[in-house]
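As a starting point, one isolated chain is supplied in structure tokens, in the form predicted alone.
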């Protein structure tokens, strides 16, 4: 998601092609934070990282400031930048608000959805199914799943006519991305996520608002419950296959 697209495409952007050095550094840093290369709570030292991202200190600071607005990075005055921590309290807050907003948007979307909405939902579910059939824990595959999972959830609520509601849901969805990445590589995540998506898709296509809302609530809560049973120490560990950037620690 480019900074310029945060409102018009709150969930996703069709093409994330950076137009400036700042946008390029922003996207690269964001990917590395979500992937776990930079540990939660670790310091992001501009002088050490500028070489990794091939930009000057001023450009990197601008990119980090954009990530502050995403709540993925925190800044303390002139003391520098740190990766935002993750915690049980944080994911509980995210989950509670996702449930409130996303189920409301889904109900409105099912009510308003036309043939075009159905076609987009079918296409999004098909794309998600293809990657879930071959899902593994490589970084590239996880990124592909995240992209298609996001597309499916966006399609579900795309007929909701409140752009503010969709925008707020997009913010919360992106905030939960680091937690989902943890789940994809966790041995604790014993779930059939494709079955959850299938139930949600079938209920939405049949315009069964109550069933679809219940399926979405269960889907979101399952993620939270798995994380809640995981120690916060384990949450801080890098996902499988990811090498931490020791310089930023």
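Positions refer to the first chain, counted from 1. This one's a predicted model, so the numbers in the text were calculated from it and none came from an experiment.
The same protein has a further form, the form predicted in complex with the DNA, not shown here; the description that follows concerns it.
Contact with the DNA in the predicted bound form, judged by any heavy atom within 4.5 Å, is made by just one of 45, 211, 206, 191: 45. This chain is displayed alone, yet in the predicted bound form one of 61, 30, 197, 180 has a heavy atom within 4.5 Å of the DNA; that residue is 61. In the predicted bound form, the DNA sits within 4.5 Å of a heavy atom of residue 79. The closest heavy atom approach of residue 236 to the DNA in the predicted bound form falls outside 4.5 Å. In the predicted bound form, residue 34 stays away from the DNA, with no heavy atom inside 4.5 Å.
Contact check for residue 55: a heavy atom falls within 4.5 Å of the DNA in the predicted bound form.
This chain is displayed without the DNA, yet in the predicted bound form the stretch 36-44 from 216-224, 36-44, 198-206, 66-74 comes within 4.5 Å of it by heavy atoms.
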